[in-house]
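Only one chain is given next, in structure tokens, and it is the form predicted on its own.
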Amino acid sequence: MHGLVNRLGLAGMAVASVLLSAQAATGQTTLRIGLAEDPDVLDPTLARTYVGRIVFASLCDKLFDIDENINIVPQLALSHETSEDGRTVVIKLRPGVKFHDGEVMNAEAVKASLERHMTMQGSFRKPELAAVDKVEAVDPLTVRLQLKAPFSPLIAQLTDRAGMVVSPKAAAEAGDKFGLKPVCAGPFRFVERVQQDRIVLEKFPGYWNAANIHVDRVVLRPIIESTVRLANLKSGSLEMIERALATDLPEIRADAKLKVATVPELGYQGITLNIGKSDAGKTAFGKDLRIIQAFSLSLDRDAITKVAFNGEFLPGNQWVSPRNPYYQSKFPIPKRDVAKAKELLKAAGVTSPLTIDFMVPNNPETRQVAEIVQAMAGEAGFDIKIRVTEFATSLKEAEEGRYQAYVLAWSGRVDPDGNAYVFHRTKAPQNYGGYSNPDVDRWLDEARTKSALAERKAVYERIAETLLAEGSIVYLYHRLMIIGHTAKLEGYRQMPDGLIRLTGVKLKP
């Protein structure tokens, strides 16, 4: 591991040296950002990683975005209007927008992108837009969406990848290889990608808001080891790092050359359990729901956050945090109860330690959490076998059911539907646990038709009552998204989704 860390550090210095020379020669500003993982495919239709969303924030504008207070604000769209029956949504588009290939962004382009999201093989946007029946280009700057039923989360969905508009010409020419050279309408255009090493973007002169983009070049480097990311930031080889460790906060705050931006995440950290995805689930958590309950009761969520994160993170037990208006206070965070966990295992017929294949993405915080879980669950009668796996590979393993438990974070969405539906609806794309319950399916669908908070929350209460007893995700805590950056960076504003937006950001010499 030390050899890998050293190689990553040396590679970083080599790339930094080349970039500094180029920057000095051209007078351009280059912003180097350390990522916690290497993103998956850079195609908004097919992508599914949080770290990929950080790249997309610079590469692909969306119809809508969010502000610091999680309000939805226009981006490629200027406005939207929903009919009284909730079945028609009219979106007015921003004029004068161009894609990186020079093509015009208009209603036909939006129609093509939305239909691509809805129909392309392997699309992870399809369930997010499932309520859309038809997309119509009314005129060059007006799009009309006809819905199958009222769908309250729709505009919130369009603040993320479902709302990203790609060049129809480039998408048609590239097909399923579009992610190798994405063409969007964001502030930066794609230059190159070297897998596991770097993604390079450059300022797009034709961007609709180019006057507020002050960085010429962005280099995003995946550096798994957080200690190496921080060392590169401190040495000046990087100007910014995402997801710094909570335990590094005192060090960053004490360094006058650095600044830190933090925000509580919209999502959660949890452990996904294979209860019906494959045969591997039938011998453990899928065998008896009391095994799920025993596992949850074996864990002390408050202790996990204190030991691993200096108490900076917020313990939780639902898909939204206790500070979210949709949190169900009727079901508070359970206290650890090892005796009860043992009783449940015995009642489920478990007479000796139950061996669990525990898949863990390869980053320091996740590994530490896994070790704490291993020790806690071990006291209740679980024999946890940790299997550290590269992140993108772990997603494939989960998708194919080659695991029994899996530490998986969800970066979160503005609307609670985005934190629940795709994980718990029968056969939804990110239902890695293989959970299926017709009642929960019906309630998840019903919540999408309600617009008033009180009405929707009442539906989610029924969902929570069932999922917390038998669902395939054991929720643990809600992270603090920590962005460290050089003090030379001015104008940076952190949004609640934790993503890095570079509009208005300047890098002093």
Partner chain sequence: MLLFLGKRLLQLIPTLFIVSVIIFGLQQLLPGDPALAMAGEERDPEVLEQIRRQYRLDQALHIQYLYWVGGVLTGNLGESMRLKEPVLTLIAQKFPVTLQLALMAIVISLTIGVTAGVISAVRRDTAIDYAVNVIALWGISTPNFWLGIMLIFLFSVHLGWLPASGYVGPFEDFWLSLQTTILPAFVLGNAFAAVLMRHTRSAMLQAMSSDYVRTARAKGLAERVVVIKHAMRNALTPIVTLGALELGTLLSGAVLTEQVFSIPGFGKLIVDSVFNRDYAVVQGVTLITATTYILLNLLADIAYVLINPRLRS
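No experiment lies behind these values; they were computed from the predicted model shown. Positions refer to the first chain, counted from 1.
Omitted here: the form predicted in complex with the partner chain. The next part is about that form.
Novice: Heavy atom within 4.5 Å of the partner chain in the predicted bound form: which of 260, 392, 171, 107?
Specialist: Of the listed residues, the single hit is 392.
Novice: Name the residue from 209, 146, 195, 310 that puts a heavy atom within 4.5 Å of the partner chain in the predicted bound form.
Specialist: Residue within 4.5 Å of the partner: 195.
Novice: Counting only non-hydrogen atoms, choose the one of 278 to 286, 340 to 348, 126 to 134, 108 to 116 that falls within 4.5 Å of the partner chain in the predicted bound form.
Specialist: Answer to the contact question: 126 to 134.
Novice: Give a yes/no on whether residue 41 approaches the partner chain to within 4.5 Å in the predicted bound form, heavy atoms considered.
Specialist: Residue-level check for residue 41: yes, a contact with the partner chain.
Novice: Looking in the predicted bound form, any heavy atom of residue 57 within 4.5 Å of the partner chain?
Specialist: Answer no; every heavy atom of residue 57 is more than 4.5 Å from the partner chain in the predicted bound form.
Novice: Is residue 365 near the partner chain? Define near as a heavy atom within 4.5 Å, in the predicted bound form.
Specialist: No.
Novice: Even though the partner chain is not shown here, does residue 151 get within 4.5 Å of it in the predicted bound form, heavy atoms only?
Specialist: Residue-level check for residue 151: no, no contact with the partner chain.
Novice: Is it true that 314, 334 and 503 each have at least one non-hydrogen atom within 4.5 Å of the partner chain in the predicted bound form?
Specialist: No, because 314, 334 and 503 lack any heavy atom that approaches the partner chain to within 4.5 Å in the predicted bound form.
Novice: Sequence order please: the residues of 221 to 250 with a heavy atom within 4.5 Å of the partner chain in the predicted bound form.
Specialist: The stretch touches the partner through 221, 222, 223, 224, 225, 227, 228, 231, 232, 234, 235, 237.
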